[in-house]
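The chain below stands alone and is given in structure tokens; this is the form predicted on its own.
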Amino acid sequence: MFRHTTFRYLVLAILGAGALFQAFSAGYFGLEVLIEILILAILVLALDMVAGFGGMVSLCHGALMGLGAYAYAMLSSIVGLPPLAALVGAMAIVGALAWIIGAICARSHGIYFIMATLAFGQMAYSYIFQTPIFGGDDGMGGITRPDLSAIGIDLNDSRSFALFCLAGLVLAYLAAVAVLRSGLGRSLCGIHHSEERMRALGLTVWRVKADIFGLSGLITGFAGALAAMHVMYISPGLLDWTVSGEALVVVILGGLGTLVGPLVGAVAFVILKHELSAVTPYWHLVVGVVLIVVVLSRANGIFGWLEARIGARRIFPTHAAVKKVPNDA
């Protein structure tokens, strides 16, 4: 069963306070970095649901995010739906596509599952790239943000949009927690630990995997729509497999199967990227070295390492009970 510890509540509070401080004190560039972190955090949160708690390592979540961006752009610019309706529609479309992918790939495991999701991602990339209605290599521009002027909010202002993305991340996190605490989430954890045993108990394994993949797709579609609103321009590069690989790196860097860890990983990754890129164009090498060190240390990412050290010192005794059950949070 999914549950929080005192330490995890503390980390969430620190992250939230830091985001609010940045939103109200930073200039334009700082707000842009904050928005980038928040959108990436939503993406890796969705990926952690399937990879960390279900053992389904996906290399198509970047493509799903890109599809969410394109779906939002098409529904708002071409179909003419109001931006908020287009946002909901984009999430529904990506959720449905993710459910289909999850249902098809549910019977594969390990490297075969990874390669199958990669194939779906590359097919989506090729289709978007080669279809004229999506703008091809030129992409699509003129994307609008929701009009919340009726309640006194101008989302064309960077500060307001950053707070909008922060609220979206909070809602995405609460949705992920609700799913993982539900019967569906408990079934997923059972499948992760022993798929054969859960099948012997009469559980329809493929359906559970597909449902979780679909719900993860809803959140991923939300991240894609926010990405389209942020830049107000999209291109096929959003669907490239490297986006999925980068998201997986962030999840592992932060802490797989913790929900809180990927949020920490998103903050660390974006800050490292911007700070190091100002010094060297080879910042990926430094991030790669950090990731290798994290993996070789056998710690579950940055957050997992901190949690293990604090739990060992009994600073937060509630963690001791949780450590006995894998994937508890």
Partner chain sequence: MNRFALAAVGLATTFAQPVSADDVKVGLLLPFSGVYASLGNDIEAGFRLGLEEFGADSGATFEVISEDTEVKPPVALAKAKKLILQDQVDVMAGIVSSGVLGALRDVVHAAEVPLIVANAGNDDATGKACSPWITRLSFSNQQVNRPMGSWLHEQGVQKVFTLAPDYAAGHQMIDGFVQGFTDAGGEIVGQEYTPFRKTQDFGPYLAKAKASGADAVYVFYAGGEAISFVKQYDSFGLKADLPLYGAGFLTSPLYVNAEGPAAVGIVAALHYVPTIDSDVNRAFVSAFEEKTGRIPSEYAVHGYDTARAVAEAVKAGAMDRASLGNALRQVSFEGPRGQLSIDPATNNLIQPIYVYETVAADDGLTQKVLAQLPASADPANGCMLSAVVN
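Just so it is clear, the structure is predicted and the values come from calculations on it, not from any experiment. Positions refer to the first chain, counted from 1.
Another form, the form predicted in complex with its partner chain, is not on view; read the next lines as being about it.
Contact annotation for the candidate site: 138, 163 and 233 all lie close to its partner chain in the predicted complex (heavy atom within 4.5 Å). With the partner removed from view, the residue among 184, 198, 175, 153 that has a non-hydrogen atom within 4.5 Å of its partner chain in the predicted complex turns out to be 153. Its partner chain is not drawn, but in the predicted complex it has no heavy atom within 4.5 Å of residue 80. Looking at residue 159, you'd find a heavy atom of it within 4.5 angstroms of its partner chain in the predicted complex. Its partner chain is not shown here, and in the predicted complex it never comes within 4.5 Å of any heavy atom of residue 99. Taking the partner from the other structure, its partner chain in the predicted complex has no heavy atom within 4.5 Å of any heavy atom of residue 9. Residue heavy atoms within 4.5 Å of its partner chain in the predicted complex occur in exactly one stretch of 217-225, 119-127, 90-98, 202-210, and that stretch is 119-127. In the predicted complex, the residues of 20-44 lying within 4.5 Å of its partner chain by at least one heavy atom are, in order, 24, 27, 28, 29, 30, 32.
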